[in-house]
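Presented below, as structure tokens, is a lone chain in the form predicted alone.
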Amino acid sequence: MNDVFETPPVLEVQHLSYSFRKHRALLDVNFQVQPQSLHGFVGPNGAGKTTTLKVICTLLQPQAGNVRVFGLDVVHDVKEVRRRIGFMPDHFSMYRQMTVFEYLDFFGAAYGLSQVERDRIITDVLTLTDMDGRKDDLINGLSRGMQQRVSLARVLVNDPDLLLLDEPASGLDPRARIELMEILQELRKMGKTIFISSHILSELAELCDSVTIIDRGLIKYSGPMDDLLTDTEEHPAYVLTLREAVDPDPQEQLQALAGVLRVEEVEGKPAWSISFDRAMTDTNNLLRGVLDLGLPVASFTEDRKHLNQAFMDLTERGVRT
């Protein structure tokens, strides 16, 4: 008989509920985050994301249920939990008249690090966030994207095992967003577990390996990102992109493949979105059929607009109050 030891979750939320007077923010919320995962926490504005994060960060106490971080209770083991986490809020306050180095040094001292330790760690986090050339600049003179990097560097000063990021890409331009996501991927390779709250599923679709969707304080889905479409989309779709346009148009040939339900041309490039019946074929057989047609395939990828559709299917319309 083989003993199988399951790795305990980094974060475990059980039956969590919270209300602000008559407004219910969370109701019986349950989900887990596994070690060294990049977990997305997604929901419309007002869904309960920030309230959940504040409970996890020990800034609010659960009114019902419990939350454990590395097996530590967020109510009874506050100091130990805070040593293991790093929280980057959406609307962060910064001491803008400090230089970047002074700001990080201040927080390093608050964590009880010696000057030697602070100098080493600050050098490391500035290098990681590509801010080492700006360490003597005043924070007030930095762009929003640069300030976001400094805020992330501050979160890393105490070398946390779990990073909790609330809308980390908010207000960033496309390049800054991409660069931030690259930093997060590097942190994951270093063994960190990263929990990212956002209201934009497509922003996290390629970054995260797991996701929890919340709406009106209720969990609508929690699990692997790859399973999201399986659970919510009866007829998945893939986008076929060719290296070059071909004549004649292959749409009719694609439509004739086994299991294909619908083929739609993607405007502006030689590409088609192919929807298929999962009960009649699978992705491998569909791709095999495409290759048998002799088409110059450049890529065959999941149609990301269907992730957005899955999000819309799981959440309700209307303004959150």
Partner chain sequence: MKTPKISIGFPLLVKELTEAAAQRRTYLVRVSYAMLLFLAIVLFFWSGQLTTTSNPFSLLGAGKRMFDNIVELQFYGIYLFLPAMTCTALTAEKERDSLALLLLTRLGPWTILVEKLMSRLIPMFTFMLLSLPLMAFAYSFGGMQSYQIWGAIWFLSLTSLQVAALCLMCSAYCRTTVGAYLSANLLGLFLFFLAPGVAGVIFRSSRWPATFSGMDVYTITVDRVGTALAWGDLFQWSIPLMFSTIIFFCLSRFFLLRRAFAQPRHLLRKIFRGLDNVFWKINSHSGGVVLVGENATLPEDKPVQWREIAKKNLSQFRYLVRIFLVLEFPVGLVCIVALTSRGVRASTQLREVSPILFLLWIISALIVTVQASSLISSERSRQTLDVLLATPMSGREIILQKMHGLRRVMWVLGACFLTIFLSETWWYGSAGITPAATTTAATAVGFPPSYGTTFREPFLYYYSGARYFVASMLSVLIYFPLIAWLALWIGLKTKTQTRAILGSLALLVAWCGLTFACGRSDFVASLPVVGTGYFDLSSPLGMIYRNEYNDFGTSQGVSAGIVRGNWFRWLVVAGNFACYGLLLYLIRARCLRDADRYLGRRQDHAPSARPAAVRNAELQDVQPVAAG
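Numbering follows the first chain given and starts at 1. What you see is a predicted model, and the numbers here were worked out from it, not measured in a lab.
Form predicted together with its partner chain: not shown, discussed below.
**Student:** Would its partner chain be touched by all three of Thr51, Pro62 and Arg83 in the predicted complex, meaning a heavy atom each within 4.5 Å?
**Tutor:** The answer is yes; Thr51, Pro62 and Arg83 each reach its partner chain.
**Student:** Let me know the one among Lys135, Arg154, Lys220, Arg188 whose heavy atoms come within 4.5 Å of its partner chain in the predicted complex, would you?
**Tutor:** Here the answer is residue option Arg154.
**Student:** Identify, from the list Pro89, Pro236, Pro160, Pro250, the residue with a heavy atom within 4.5 Å of its partner chain in the predicted complex.
**Tutor:** Only one listed residue qualifies here, and that residue is Pro89.
**Student:** For the interface check, one of 286-294, 271-279, 252-260, 26-34 should have non-hydrogen atoms within 4.5 Å of its partner chain in the predicted complex; which one?
**Tutor:** Of the stretches listed, the one contacting the partner is 26-34.
**Student:** Is Val78 close enough to its partner chain in the predicted complex to count, meaning some heavy atom within 4.5 Å?
**Tutor:** Contact with its partner chain, yes.
**Student:** Does at least one non-hydrogen atom of Ala47 fall within 4.5 angstroms of its partner chain in the predicted complex?
**Tutor:** Flag for Ala47 set to yes.
**Student:** Hey, in the predicted complex, is Lys192 touching its partner chain, heavy atoms inside 4.5 Å?
**Tutor:** Close contact is absent here: in the predicted complex, Lys192 is far from its partner chain, nothing within 4.5 Å, heavy atoms only.
**Student:** Is Ala110 close to its partner chain in the predicted complex, meaning a heavy atom pair under 4.5 Å apart or at it?
**Tutor:** Ala110 belongs to the contact set for its partner chain.
**Student:** With the partner left out here, which residues of 95-116 have a non-hydrogen atom within 4.5 Å of its partner chain in the predicted complex?
**Tutor:** In sequence order, Tyr95, Gln97, Met98, Phe101, Glu102, Asp105, Phe106, Phe107, Ala109, Ala110, Tyr111, Gln115 come within 4.5 Å of the partner.
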